[in-house]
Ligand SMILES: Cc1cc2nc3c(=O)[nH]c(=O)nc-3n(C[C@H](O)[C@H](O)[C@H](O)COP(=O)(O)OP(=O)(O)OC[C@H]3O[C@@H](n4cnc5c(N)ncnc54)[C@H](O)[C@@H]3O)c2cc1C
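Form predicted on its own, single chain, as structure tokens, below.
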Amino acid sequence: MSRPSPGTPATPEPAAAPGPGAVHDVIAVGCGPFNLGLAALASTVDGLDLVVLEETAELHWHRGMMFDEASMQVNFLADLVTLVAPTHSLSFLAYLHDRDRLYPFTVRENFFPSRVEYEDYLRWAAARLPSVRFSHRVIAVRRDPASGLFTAEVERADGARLRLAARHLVVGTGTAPHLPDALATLPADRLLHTADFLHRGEDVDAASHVTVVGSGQSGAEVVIDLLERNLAGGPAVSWLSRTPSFAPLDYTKLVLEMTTPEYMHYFHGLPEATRDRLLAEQWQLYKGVSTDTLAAVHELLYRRQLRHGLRPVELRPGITVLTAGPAGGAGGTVLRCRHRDTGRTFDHRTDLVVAATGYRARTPGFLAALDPLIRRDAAGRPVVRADHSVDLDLHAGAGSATGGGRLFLAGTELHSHGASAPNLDIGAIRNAAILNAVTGREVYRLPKATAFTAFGPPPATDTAPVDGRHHGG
């Protein structure tokens, strides 16, 4: 390859065709916890060729929300491997042992690692997996109709282009920050998503009034940071939420059984309309706030009572933001809001809006060529099978092969698998199911009994009484 002369933009090398035999069993796109866990479990499966492609140069995990004191909401057993392979060399306990922190972790008696520690664990595991390739951006993926193989066009950091082929494809690129229509038109200097909060510190420092819209764990953690700033003489703080209260995550034992593989299997078998109704009802399983975080918010509010001259703070649940726009000559932003219980509308003025409005599943641009093959439900979402593979219409193109591999989704199948789908504690179970599917054998034994609760009706039986008489109830 000749080098371009100074000042001349480099022209990327054309993508090289895969060589003879250069067909992987699995290409996994994205190196978050889910696909990293897939690589970890695959590393001990003899004869399985899996590669993970990540466009960034190194692993980062929620850096915009990496508060020093932030704790995980799942315990350390919900690591990359333990729930299906507790003796695996890439478990969280193996990480602690390697870092010589196992004994202090035991004395600490806290099963919930900090978010900083969990990211360090992920980076430790990634460094031990040669199947993970950073600085490899997937540009496009296509399916060859003759062979049924997936081909990925990939660009490396040096501009070189590769063409990789695989029998199966796993998409684990995660979800995208969501901005509701009511906020999306605000100028970038007056709006940020919680995902970018720590990257926008200068904007927060410059504001006299910061308003958090939305609740959930991320919103509450931002509110804690803002309350600490307020106690130090920082901006006024408002917290507006659609929910009727600032409610905790429901971590009661039997409710948590609705995040188990057993409930996931039950949920997947329900009609689409029933699944959608249940997801709306179960919001406290994945949209609430940890009780420790709510207690920290309350403690900071209590401490404010002993101080004078601080800028005001308000918490208002049951609020819908209808529109948002510039405040006119005075500067700042006006949110047109409705109080959900009374229906009364009012204007809320602020300098900076922090959207704690969650994340949404996204279809990566590199899947555009596969889009015509993806069967969708009534709401336009991919139809996902129980093994997390997408239902593909392999007759959508003339001459398409009916064989070939499968396209799997990792972490974005909330609509088909329920509230636990985005949770870290289901990652190892899903990855084991994917590896069993692509190998055609049980390389990892999936748990058979994960809940005491029976979620479905009892088996159908003959209800006629033995003595011929009917007993009413």
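Numbers follow the displayed sequence, beginning with 1. As the structure is a prediction and not an experimental result, all values here were calculated from the model.
Omitted here: the form predicted in complex with this ligand. The next part is about that form.
Practice task
Spell out, yes or no, whether the shortest heavy atom distance between Arg137 and this ligand in the predicted bound form is within 4.5 Å.
Solution key: Within the cut-off, so yes.
Practice task
With heavy atoms only and a cut-off of 4.5 Å, decide whether Arg143 touches this ligand in the predicted bound form.
Solution key: No - in the predicted bound form, heavy atoms of Arg143 and this ligand never come within 4.5 Å of each other.
Handout entry: Partner contact for Ala410 in the predicted bound form: this ligand, 4.5 angstroms, heavy atom
Key = Ala410: contacts this ligand in the predicted bound form.
Exercise for the section: Examine Asp49 and determine whether its closest non-hydrogen atom to this ligand in the predicted bound form is within 4.5 angstroms. Expected result: No, no contact at 4.5 Å.
Exercise for the section: Identify, from the list Leu315, Leu294, Ala165, Val74, the residue with a heavy atom within 4.5 Å of this ligand in the predicted bound form. Expected result: Looking at Leu315, Leu294, Ala165, Val74 one by one, just Val74 meets the 4.5 Å heavy-atom criterion.
Problem - Heavy atom within 4.5 Å of this ligand in the predicted bound form - the one residue of Tyr266, Phe105, Phe366, Trp283 that qualifies - result: So the residue touching this ligand in the predicted bound form, by this definition, is Phe366.
Practice task
Please state whether all three residues Val29, Leu53 and Gly172 have a non-hydrogen atom within 4.5 angstroms of this ligand in the predicted bound form.
Solution key: Yes, all three are in contact.
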